[in-house]
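A single chain, nothing else alongside it, follows as structure tokens in the form predicted alone.
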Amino acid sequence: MMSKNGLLHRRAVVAELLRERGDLLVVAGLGGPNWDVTAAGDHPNNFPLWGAMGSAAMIGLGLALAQPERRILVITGDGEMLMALGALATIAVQKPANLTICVLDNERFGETGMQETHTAHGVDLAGIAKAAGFATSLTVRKPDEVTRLRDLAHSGTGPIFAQVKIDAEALPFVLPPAEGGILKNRFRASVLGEEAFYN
């Protein structure tokens, strides 16, 4: 799970987070996190974002409030989270016990040419989440910490935030379906049940 430079491999992290996932609902942020979640296995309970950069955490909050009996995991990147820091304050105020935000932090804007993000210069997203009022906020650097995060996502009391330090590696794309209507309808049917979807 560790690269030669001592950082976690992003797809190994996501595979562990989604191991034996049960009915976990997953929002995958634009770009790399989307491909990583799909590489771990396309699933009706995945909602991959092809656009709407900066909205993954707030979509996760909406799901958590609408489906309080379900566990919600948002997997997004540092670039997207930096675009939506205000979302952390809103989530902390709402206190959804069933929501986990996982930021895969490679310190790069992967969609625009791998330029360094602010986290490469010391910005501490986990510290920001803690200051906002998240129940649990972690910086994850080791495989056993990824497993702990997985366990928290399935049974911890949220909101939970994790900044997972990953290698800035270039990986082949593993694409989910690209049609927004198909993704929306599939996810809605999975969350609400086929009968609710067709009524």
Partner chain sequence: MNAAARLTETRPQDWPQAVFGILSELGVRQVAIVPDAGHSRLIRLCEDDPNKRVVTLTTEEEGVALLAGAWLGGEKGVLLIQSSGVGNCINMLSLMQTCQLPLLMLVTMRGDWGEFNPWQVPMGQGTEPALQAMGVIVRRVDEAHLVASTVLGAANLAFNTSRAVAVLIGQSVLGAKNFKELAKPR
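Keep in mind that what you see is a predicted model, and the values were worked out from it rather than measured. Numbering follows the first chain given and starts at 1.
Another form exists, predicted together with its partner chain; not displayed. Remarks below refer to it.
Partner contact region in the predicted bound form: 63-71, out of 158-166, 35-43, 63-71, 138-146, criterion any non-hydrogen atom within 4.5 Å of its partner chain. Remark: residue 22 does not count among the residues lining its partner chain in the predicted bound form, judged by a heavy atom distance of 4.5 Å or less. Shown alone here, residue 120 lies farther than 4.5 Å from its partner chain in the predicted bound form, counting heavy atoms only. Taking the partner from the other structure, its partner chain in the predicted bound form has a heavy atom within 4.5 Å of a heavy atom of residue 52. For residue 177, no non-hydrogen atom is located within 4.5 Å of its partner chain in the predicted bound form, even though that partner is not displayed. For a residue to qualify, one of its non-hydrogen atoms must sit within 4.5 Å of its partner chain in the predicted bound form; all three of 86, 90 and 188 qualify. Taking its partner chain as positioned in the predicted bound form, the residues of 146-185 that bring a heavy atom within 4.5 Å of it are, in sequence order, 180, 181, 184.
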